[in-house]
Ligand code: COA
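Just one chain is shown here, as structure tokens, and it is the form predicted on its own.
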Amino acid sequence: MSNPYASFPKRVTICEVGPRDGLQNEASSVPAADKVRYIEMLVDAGVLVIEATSFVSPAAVPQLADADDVFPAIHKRAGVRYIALVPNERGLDRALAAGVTEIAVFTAASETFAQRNIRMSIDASLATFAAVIKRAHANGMQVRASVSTAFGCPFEGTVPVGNVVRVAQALLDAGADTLSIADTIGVATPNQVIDVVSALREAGIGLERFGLHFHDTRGTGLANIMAGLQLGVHEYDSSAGGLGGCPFAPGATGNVATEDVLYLLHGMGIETGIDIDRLRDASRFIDGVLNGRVVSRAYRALEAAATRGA
């Protein structure tokens, strides 16, 4: 029998979102020094793409109010992409002052979520980000753009695939270098992944231009990654320990856990360049800071096995 996985990518890029998306939903803020150490431990594990923080309004996301202190304090390593989320031109000003070289912008595929999350219509957000992207490029920055609620909205329910394609294409037309197509509330199933990715490809958006971002709210995160792999998608967002959620999306739990993703990929012979044991060190550290918030199943199983073998 032929190997059904033979056509899967041989190497996958993980964008680690724990320091930003993972910590933004915590009830209390993590000290800046601990955030810096967490980021550096993740990079020590081999992470090459990392969402380090967010220059949003401190009133909106108080957990990341210290971005101006955290980002400059990170000991940057050559070859690593340190990304910071920027919601508007004021956020871009802060990011430039902090020495950021790659930003992320974000809008939604559902109108209600855009209004609730960024207090703008989709079209207004696209106009705002066009100006941000233009300035970012003028300052030598790369831009990654996220399309939230690409697989479902907490307020509208089903999101038409055509909405996702329209917003994705508009962001690329505005100058975004790459895209993250996000299942913000963790409702996607593999058939939806096939529908969305196929529609993006049919619209002429190549696999090199986008990755996928899954939450594991309903336990389908890894199944959705398998669907993405089947289609050749080779970049995925994940959060060490499975931390995270969206403060503007009721019921959304953590991102798919990096340890779970690594266990799956490495077991299938797919390279990531990340050492799962060293990544567990980073998760163990932040778990101590957060008093036991890590939920990754692979992390818990590997920790238990290590304890039994000690």
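These figures come from a predicted structure and were not determined experimentally. In case it trips you up, residue 1 is the first one in the sequence shown, and so on.
Below, we turn to the form predicted in complex with this ligand, even though it does not appear here.
This ligand isn't shown here, but in the predicted bound form which of 77, 119, 218, 137 has a heavy atom within 4.5 Å of it? Spelling it out, the residue with a heavy atom inside the cut-off is 119.
Selected contact from 230, 88, 178, 189, since only one has a non-hydrogen atom within 4.5 angstroms of this ligand in the predicted bound form: Looking at 230, 88, 178, 189 one by one, just 88 meets the 4.5 Å heavy-atom criterion.
If we define contact as a non-hydrogen atom of the residue within 4.5 angstroms of the partner, is residue 106 a contact of this ligand in the predicted bound form? Residue 106: contacts this ligand in the predicted bound form.
Within 4.5 Å, heavy atoms only: does residue 201 come near this ligand in the predicted bound form? The answer is no: residue 201 has no heavy atom within 4.5 Å of this ligand.
Taking this ligand as it sits in the predicted bound form, is residue 234 in contact with it (heavy atom to heavy atom, 4.5 Å or less)? No, residue 234 stays farther than 4.5 Å from this ligand in the predicted bound form.
May I ask you to state whether residue 60 is within 4.5 Å of this ligand in the predicted bound form, using heavy atom distances? Residue 60: yes, in contact with this ligand in the predicted bound form.
Stretch in contact, per heavy atom within 4.5 angstroms of this ligand in the predicted bound form, of 37-45, 260-268, 274-282, 60-68: Only one stretch qualifies here: 60-68.
Members of 7-38 lying within 4.5 angstroms of this ligand, judged by heavy atom, in the predicted bound form: Residues within 4.5 Å: 20, 24.
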